[in-house]
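Shown here is one chain on its own, the form predicted on its own, set out as structure tokens.
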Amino acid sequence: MAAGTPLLKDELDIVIPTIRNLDFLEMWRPFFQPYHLIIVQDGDPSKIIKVPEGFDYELYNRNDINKILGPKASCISFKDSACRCFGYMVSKKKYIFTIDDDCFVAKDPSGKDINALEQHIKNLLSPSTPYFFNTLYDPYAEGADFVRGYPFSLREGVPTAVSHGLWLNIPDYDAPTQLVKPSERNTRYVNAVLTIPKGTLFPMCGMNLAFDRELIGPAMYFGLMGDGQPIGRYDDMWAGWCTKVICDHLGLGIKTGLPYIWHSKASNPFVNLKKEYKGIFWQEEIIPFFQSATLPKDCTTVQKCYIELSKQVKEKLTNVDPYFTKLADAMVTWIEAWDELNPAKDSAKLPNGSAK
């Protein structure tokens, strides 16, 4: 690779959901301009979204989604940032980085601009350690290693499927916490990346996220949210819970920590509460469901795992609310649409990982 060539330049797409002009890209230009962008326009498809000059991009609005997916477009949320997962589906690259349009370049404690994309790539290209916790965090990071007592048999690690980044300034709080702490800002920069242990769930935020599309892409479905649905702001949570269960089953890893972005705008807590209030109750039953979910050994691909999860959702969560029957059906539709747009090659028929 020539000196100065951006990492994975031809192997990564940046997916951005939006309802507005993408002026925020100017700040990201030094880091994003070499890459291809997939912009998923939410809301009114007749509105013109302006993209700064010099970026290589394709833009899809609701009319495009309906045209490409036909009846299966029903699985893609409307009037909600969950629509971003359509970008994951139409991408042809190995890696995806997704970011919200109110996220700007953060600075590290020395005042240097943080290249969030570069850090995500480093996270994805180094192994994860989900089976034994390393007290120096990521042992593959510069200046770190495995500590005394770490089993040598586990030091090879496992492939990293997901890199989950964090935020300075506006934290990713739910509505009740926003209402109690309206002025709270995150100023703590923690210079650490760690693997989330096997068997541990986490709240995945979609505004600063990267993943290996070939390893885990079909599990990154952001559910049915927004217009016509009884819940919102749980799109990334749902994808995170499903993805973590499947990664644990297939022997894949998820990292969280660096990189940070600067989250510039706090959303309205009263609007958020209206979107979240059912989810706040439901999650007390959803999370135990995922904590106890197991997948059969013959589920050796992400698609097989996801279809099996959809069956369990329908069987065990429909009693929480009929919405979960509709969501389970949408999960199946999502996989069908994914496979139509991403037909399996001979090599792709091989398992994504080995069931544990």
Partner chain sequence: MRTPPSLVSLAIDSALAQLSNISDLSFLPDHILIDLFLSQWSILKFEYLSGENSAGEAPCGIFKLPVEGFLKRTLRAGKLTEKILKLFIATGKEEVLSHIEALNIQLVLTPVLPTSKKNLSMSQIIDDNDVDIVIGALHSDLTPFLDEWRPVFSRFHLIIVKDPDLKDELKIPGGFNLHVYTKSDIDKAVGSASSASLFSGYSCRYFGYLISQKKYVVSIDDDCVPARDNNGGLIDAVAQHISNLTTPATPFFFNTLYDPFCKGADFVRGYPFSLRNGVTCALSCGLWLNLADYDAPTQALKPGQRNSRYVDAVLTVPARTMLPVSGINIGFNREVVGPALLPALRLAKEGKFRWETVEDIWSGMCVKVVCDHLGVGVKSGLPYVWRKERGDAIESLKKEWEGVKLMEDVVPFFQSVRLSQAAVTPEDCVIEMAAAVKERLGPVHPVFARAAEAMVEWVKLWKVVRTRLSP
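Source: prediction; values computed, not measured. Positions refer to the first chain, counted from 1.
Missing here is the form predicted together with its partner chain; even so, the following discussion is about that form.
TODO: Choose from 70-78, 199-207, 89-97, 212-220 the stretch whose residues reach within 4.5 Å of its partner chain in the predicted bound form, heavy atoms counted.
DONE: Every other range fails; the passing one is 199-207.
Task: Candidate spot Lys181, Arg185 and Ile287, all three touching its partner chain in the predicted bound form (heavy atom, 4.5 Å) - done: All three within 4.5 Å in the predicted bound form.
TODO: Indicate whether its partner chain has at least one heavy atom within 4.5 Å of a heavy atom of Asn319 in the predicted bound form.
DONE: Asn319 lies outside the contact set for its partner chain.
- [ ] Indicate whether Ala141 is a 4.5 Å heavy atom neighbour of its partner chain in the predicted bound form.
- [x] Within the cut-off, so yes.
Task: Proximity of Ser153 to its partner chain in the predicted bound form, heavy atoms at 4.5 Å - done: Output for Ser153 is yes: heavy atoms within 4.5 Å of its partner chain.
- [ ] Would you please decide whether Val190 lies within 4.5 angstroms of its partner chain in the predicted bound form, comparing each non-hydrogen atom pair?
- [x] Yes, Val190 sits close enough to its partner chain in the predicted bound form that at least one of its heavy atoms falls within 4.5 Å.
Task: Proximity to its partner chain in the predicted bound form, single hit among Thr325, Asn63, Gln291, Gln33 (heavy atom within 4.5 Å) - done: After the contact test, the surviving option is Gln291.
Task: Within 155-189, the residues that have a heavy atom no more than 4.5 Å from its partner chain in the predicted bound form - done: Arg155, His164, Leu166, Trp167, Pro171, Asp172, Tyr173, Asp174, Pro176, Thr177, Lys181, Glu184, Arg185, Asn186, Arg188, Tyr189 sit within 4.5 Å of the partner.
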